[in-house]
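Form predicted on its own, single chain, as structure tokens, below.
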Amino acid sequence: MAIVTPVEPVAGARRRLKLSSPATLEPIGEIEVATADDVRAALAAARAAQPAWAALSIEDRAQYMWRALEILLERQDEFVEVFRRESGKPRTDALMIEIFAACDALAYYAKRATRILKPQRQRLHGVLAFMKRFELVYRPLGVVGIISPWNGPFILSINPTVQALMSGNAVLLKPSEVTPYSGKLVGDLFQEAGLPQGVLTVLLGDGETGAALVDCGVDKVAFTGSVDTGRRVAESCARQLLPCSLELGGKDPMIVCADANIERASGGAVAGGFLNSGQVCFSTERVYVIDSVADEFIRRVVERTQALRQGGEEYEVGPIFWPKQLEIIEAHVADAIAKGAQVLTGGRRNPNLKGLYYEPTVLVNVTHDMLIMREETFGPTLPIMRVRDEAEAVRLANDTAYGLGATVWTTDNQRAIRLGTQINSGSVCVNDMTMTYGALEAPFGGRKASGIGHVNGDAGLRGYCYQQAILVDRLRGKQTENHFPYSAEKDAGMQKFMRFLWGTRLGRRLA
């Protein structure tokens, strides 16, 4: 992800940020920071455009998604080059994490939103079923503010945007200032698809722009990013009584059981730990392996890690996004070494590359008093800890402030499910690295410091709506015609009816 530095201010001019490649350290452009006035103007345009957008049928909104999908497929190489220039990520990561996932999200919600959001007629309980008809309607909130991060700058911008749009909302999207060009592509894509003006506005800027967006009067904020910033977003939303969803950090554990296929488990550990240079909220950041298979597992992990490439034309592990994150990674590794951890491979900046590259790193002899086992590292590190048994593995997996995802490796699916349901996380993947975000039917969200609410699944899409309950009286108001005045006779009749309804076997069946 690009290195961001402020441009020397000019009197009367807008604030600007200069971007440099983390792979080459060369400049790649500048952006102008959107002000609070810009945000308010975008909100006004969104308010004006949203009613007509919401008035379209879901099927009509879906046509814009299909057109965007066609354009994305046609321009994917161009988009990939933007991602790579801005982040330095491998081409395969750009295709898989950004393009494939975005195509899937566009098609999934275009095809299924009508079913998920259609009004639901439900039978009421007891005597009400004879008197009323109940329908649950999903209505758009209005204008949704989306703040997306740098590590998956396109997919984590477009996926919530698609869900908000398909629900009938207008969107104000603020991508990370570290990857603004990747986020801006979402706006470019929908503009080319013919989306009505004002329905989607991309606001480039830094934390000031994000704060203005949260405070400007939108109807929901969907934030993906760090725990500290997420807390500030939640505090602001709470003051405004504003709904928000927060997809925050993780410290995902991996449990390797004694019966696991070690060849596959070691591959899963390396993929889960080093995908996108470890800069994924659901990266494998802690491994707990049963002692009886630990030696073989560690040997294979080290072998696989040492075969990974950095730099050159084809590589698996790209650079770290900015100097601050690189400093965190170095501090976590240094703390672990000082407290007795052993580095089996890596453990330093890559001395052969110019950019912000940190070597894929495997550590053993780690303990839970080390930062690398407690705080989110968000880099290419894989600490491995031996455990006596599965009970100890689960206890340590839960010894964290986070609760986003987890993985369990075993040849016994029932064991995997039993262990998985003991882990306090939003999702568990069995015999694979964490990939719940890619299973769009599954609600994705975390527990504890990992966030609030969900993206994806029926719950995620409906989260961009409010549920409106509509009760239709079957007797067209006849029973309220003589509601007043009250009388002792009416009270006695009500008491008699209650004794029948809940005091007799027949009545309870009807109730």
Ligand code: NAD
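Numbers follow the displayed sequence, beginning with 1. As the structure is a computational prediction, the values presented were derived from the model and not from experiment.
The next section is about a form of this same protein that is not shown, the form predicted in complex with the named molecule.
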| property | result |
| --- | --- |
| The named molecule in the predicted complex reached by all of L156, A211 and G250, non-hydrogen atom within 4.5 Å | yes |
| Selected contact from G225, G268, G198, P383, since only one has a non-hydrogen atom within 4.5 angstroms of the named molecule in the predicted complex | G225 |
| Among the candidates N151, T284, T161, N169, the residue which, in the predicted complex, approaches the named molecule to within 4.5 Å (heavy atoms) | N151 |
| Close approach of G438 to the named molecule in the predicted complex, 4.5 Å, heavy atom | no |
| The named molecule contact in the predicted complex: E390, any heavy atom under 4.5 Å | no |
| 4.5 Å heavy atom contact, P180 to the named molecule in the predicted complex | no |
| Exercise: D206 in contact with the named molecule in the predicted complex, heavy atom 4.5 Å | yes |
| Contact stretch among 117 to 125, 240 to 248, 296 to 304, 88 to 96 - heavy atom within 4.5 Å of the named molecule in the predicted complex | 240 to 248 |
| Partner contacts in the predicted complex for 376 to 407 (non-hydrogen atom within 4.5 angstroms of the named molecule) | E376, F378, L404 |
